[in-house]
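In the form predicted alone, a lone chain appears below as structure tokens.
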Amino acid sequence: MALKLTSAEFEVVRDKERCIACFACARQCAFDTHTDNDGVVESDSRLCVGCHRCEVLCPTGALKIVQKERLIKENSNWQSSSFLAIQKQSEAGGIVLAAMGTDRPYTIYWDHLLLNAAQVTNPSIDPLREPMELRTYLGRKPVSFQDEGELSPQLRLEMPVLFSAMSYGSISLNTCRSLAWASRAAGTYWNTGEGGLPQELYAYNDRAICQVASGRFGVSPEYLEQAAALEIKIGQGAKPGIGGHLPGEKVTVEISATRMIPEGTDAISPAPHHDIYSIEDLKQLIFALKEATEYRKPVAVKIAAVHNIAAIASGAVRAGADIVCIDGIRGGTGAAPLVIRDNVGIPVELALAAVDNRLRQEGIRPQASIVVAGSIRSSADVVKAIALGADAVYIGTAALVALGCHICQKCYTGKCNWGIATQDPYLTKRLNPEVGARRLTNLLRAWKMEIKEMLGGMGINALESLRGNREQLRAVGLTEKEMEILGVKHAGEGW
């Protein structure tokens, strides 16, 4: 056997005084890190992925998972991530895969933006005693209230947060159930991703945004009819410009039926839609989807945040998109080439500001709502996104963390110990969808209260008054060019 040069990323530290050899850790680990050796628990740290399930569930607290220092000499040019990638590729001869969002230390602009607060001349509002309007409608709006004609179809949200696209296949059915159930309870929507809509969840179709991706998996007249809204997926923040791949071993009987492909075959989403090579082609697909659904459902276009994002978004709106979804470089994924995830695209904050500016300059901002995604981590991020011009946000990773995900970034292995990103029947049972839905509902309820507190503190009683109001933002630690693109002043500058 050839010598492996890669070292363990984590170290399993076991307190032998506390360990009672119950073997709970061995039963819980899908990566076989812990084994039973004649009644003695042994752990191979080289197999640990850092999901922390064994540590959380150890009944005596005997385990601790510690991230190890890389065994390379300190070198500013050769960081451990580059070193490890070369070692893996020299052993396997293939593309290094990665999951979740990029962990590169790019600037997180949300953390450099501060919100305003009302003081003497603009009194604050108490959200416990005065009404606060968070209800949001997504879809094409009239340019003025004097416009005649029927209002275009809208999605009604009780707060400006939706669950992002995650396909059945990349995540378990219990995860899909959790998202669907929570969407109805919280008055929001979940996105099916490009994997189709499982028939069991047709009962929640009033809360489903159904994707039409390049692979057209699961797309049929019945599928289109089930949707509350349709979303044409052009790009994804974690892997702009490339397609998707669900390995054949994940394509079970149930997923085969949902995606309309043979069981056990790889599900390949091509990089481009083979019927879209121009804005005119995109317009034709939008038209076809609206015709097929008798103009009763809004149609969204999802694009990755790239250098010419403003022009692309403008083209999508002029092509008839009712909603434009922008996914930034920190957006999550079940599997993407590491080199793409970490080096392609731009932060969603800059993309959002550029798109909102462009649509306003062209006088077409009311013609489409803007939804942004890509590492929305808190209610503060939501409020800042609204002030930068978004109508609502998508959350993906945050939702999975609420379900138990510890961001071990090994989704592509299909061995998720938390039962989220797996199709293994033994593992999927670990996520109780009723408990999952309750946790997601609690998260949105908590964020809703925090958003009301922040709005009240600014003296604002409706989200509509904050949308695109960048005077409510101030920057700290950013360059002049960054502030120019974001359209915000520096902290200390007045009105």
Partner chain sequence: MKRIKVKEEYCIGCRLCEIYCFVQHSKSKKLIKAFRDEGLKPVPRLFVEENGSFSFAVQCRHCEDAPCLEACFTGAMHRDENGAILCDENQCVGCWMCVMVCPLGVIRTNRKDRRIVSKCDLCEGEPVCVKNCPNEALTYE
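Numbering follows the first chain given and starts at 1. Keep in mind it's a predicted model, so treat the numbers as computed, not measured.
This next part talks about the form predicted in complex with the partner chain, which is not shown.
Student: In the model of the complex, which of the listed residues (Arg46, Arg27, Lys68, Lys64) lies with a heavy atom within 4.5 Å of the partner chain?
Tutor: Looking at the other structure, the residue within range turns out to be Arg27.
Student: Only one of His52, Arg438, Lys448, Arg470 gets a heavy atom within 4.5 Å of the partner chain in the model of the complex. Which one?
Tutor: Among His52, Arg438, Lys448, Arg470, a heavy atom within 4.5 Å of the partner chain in the model of the complex occurs only for Arg438.
Student: Looking at 36 to 44, 440 to 448, 453 to 461, 426 to 434, which one sits within 4.5 Å of the partner chain in the model of the complex if you count heavy atoms only?
Tutor: Going by heavy atoms within 4.5 Å, the stretch is 426 to 434.
Student: Any chance Ser167 has a heavy atom within 4.5 Å of the partner chain in the model of the complex?
Tutor: No, no contact at 4.5 Å.
Student: Quick check on Lys16: any heavy atom within 4.5 Å of the partner chain in the model of the complex?
Tutor: Lys16: yes, in contact with the partner chain in the model of the complex.
Student: Does the 4.5 Å heavy atom contact test between Val476 and the partner chain in the model of the complex come out positive?
Tutor: Contact with the partner chain, no.
Student: My question is simply whether Asn174 lines the interface with the partner chain in the model of the complex - judged by any non-hydrogen atom within 4.5 Å.
Tutor: Yes.
Student: Taking the partner chain in the model of the complex, which residues of 42 to 61 have any heavy atom within 4.5 Å of it?
Tutor: Going through 42 to 61 in order - heavy atoms within 4.5 Å of the partner chain in the model of the complex - the hits are Arg53, Leu57, Pro59, Thr60.
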